[in-house]
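Take a look at this one chain, the form predicted on its own, written out in structure tokens.
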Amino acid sequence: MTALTLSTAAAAGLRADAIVVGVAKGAEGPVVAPGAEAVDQAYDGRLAAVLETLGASGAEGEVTKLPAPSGFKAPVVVAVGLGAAPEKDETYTAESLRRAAGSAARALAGSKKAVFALPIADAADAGVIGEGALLGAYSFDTYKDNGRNAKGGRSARNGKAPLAEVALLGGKPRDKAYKAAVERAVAVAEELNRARDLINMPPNDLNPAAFAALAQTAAKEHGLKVQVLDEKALAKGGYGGILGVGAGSASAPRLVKLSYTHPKAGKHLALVGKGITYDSGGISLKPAGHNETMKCDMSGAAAVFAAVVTAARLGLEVNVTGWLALAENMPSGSATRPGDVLRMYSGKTVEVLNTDAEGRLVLADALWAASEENPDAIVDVATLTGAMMLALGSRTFGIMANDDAFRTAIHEAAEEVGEESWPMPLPEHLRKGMDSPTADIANMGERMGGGLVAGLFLKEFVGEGITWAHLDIAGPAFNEQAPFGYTPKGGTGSAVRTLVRLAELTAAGDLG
């Protein structure tokens, strides 16, 4: 993991491989952002002009490298675009700083140390820049032969190791607020990157039992309570949804409960994650071209796992319980068939019309288990429907809830931490489409509005009177395109930061 430090030293005297400065897109050309005054002065105040000559505009994510001025110990200056320059009396947004830091960190793969001289007005800015840099430096190279150098050390990106150290210039190492902001950034980034690792792991190594074992190891490390229900315990408890989804696989399902408690906690937040470690679609097999990335179908469980551990690392005054509903959805002679009826943990029966609508089945059992503890709120997270991707694209997750104010609060929390989301409705008229002549409910309804239908199905398995929300992260959970900002190709860790922020708000009493 990339190291993160605060520094008050002069830019010219710092020994590093590069100095990162910000440049914004102004009305008449690039504008050097605050934090880079010493660097600009060393260019005789002409840094913006030099960058413009090199073709830089200040557009978001743009990276321009140039030789450092005379007298600097760092050999290279890296100018990273912040997007449009803010209006007078306004400042750069947290997300613009976070993305710029991530872009710079990615561009500096192979470097040992970089000094970031980006705009830092307060401790919050230091936190978001640090978070962006740590997330941008992420790489996943475990399975690459060229991921090992001659001395056996890790490397990535065609042999280039991730940026090893980030020093934030303008930070205040002795200031409590700055120290807390950096500590939070490190905890969030490390656990979010752990979620990315899980999502990127191939399914032959990350089956339900292996995921559960990793959760047990993390629980021991961070003082969490953990309970793992294997296939025998699930059968004894009547978890028909999880068992039904996992029935066709040689890798048996698991339900993992991770509990973080604080002695001063006044609230209890339950998080439920869909953990399909590989989704073939089951008997309702996915068409060709739709299987290759289905290792990412456990992204919801990865996000919940990371959020619970982060809450523990931050010592938040709130009780947080994570439920990881883990199964592998495979076709075989023992697999659940379209037309089968499953008796769920809640006692309700479900007619399975499509075995590729499996995520809602494992979530239903976990939601009811979470409801039995009567938490103040439940939030489930899942790569649930392709319909949500059609509605919101590949970078935005949908939010549904049984309480409008709670849905709004989650949307605002996501916006605050830089995750794109959008509130979605739960139209009651769509519920009728799931009526079954054989069972209490079917796992499919109308095709149009399929993401909303899935939300309505989950709502049926939330305990009466409990505030609940559903996050469908099918779009942003796995990036199949080129990296951007602090977002890598592959697993993204979507929703981790939103869940952590919800836990913080709950601890502070600001979430109802």
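All figures in this text were calculated on a predicted structure; none of them were measured in a lab. Residue numbers run from 1 along the displayed sequence.
Separately, the form predicted in complex with a small molecule exists; it is not shown, and the next lines address it.
> Given the stretches 92-100, 352-360, 182-190, 67-75, which is the single one in contact with the small molecule in the predicted bound form, using a heavy atom cutoff of 4.5 Å?
In the other structure, the partner sits against 352-360.
> Would R313 count as touching the small molecule in the predicted bound form under a 4.5 Å heavy atom rule?
Flag for R313 set to no.
> With heavy atoms only and a cut-off of 4.5 Å, decide whether L118 touches the small molecule in the predicted bound form.
Although the small molecule is absent here, L118 would stay clear of it in the predicted bound form, with no heavy atoms inside 4.5 Å.
> Is R254 near the small molecule? Define near as a heavy atom within 4.5 Å, in the predicted bound form.
Residue-level check for R254: no, no contact with the small molecule.
> Would you classify T383 as touching the small molecule in the predicted bound form, given a 4.5 Å non-hydrogen atom cut-off?
Although the small molecule is absent here, T383 would touch it in the predicted bound form, with heavy atoms inside 4.5 Å.
> Of the residues A265, A85, M389, A335, which one places a heavy atom within 4.5 Å of the small molecule in the predicted bound form?
Of the listed residues, the single hit is M389.
> Of I441, V417, M294, A109, which one comes within 4.5 Å of the small molecule in the predicted bound form, counting heavy atoms only?
For this set of options, the contacting one is M294.
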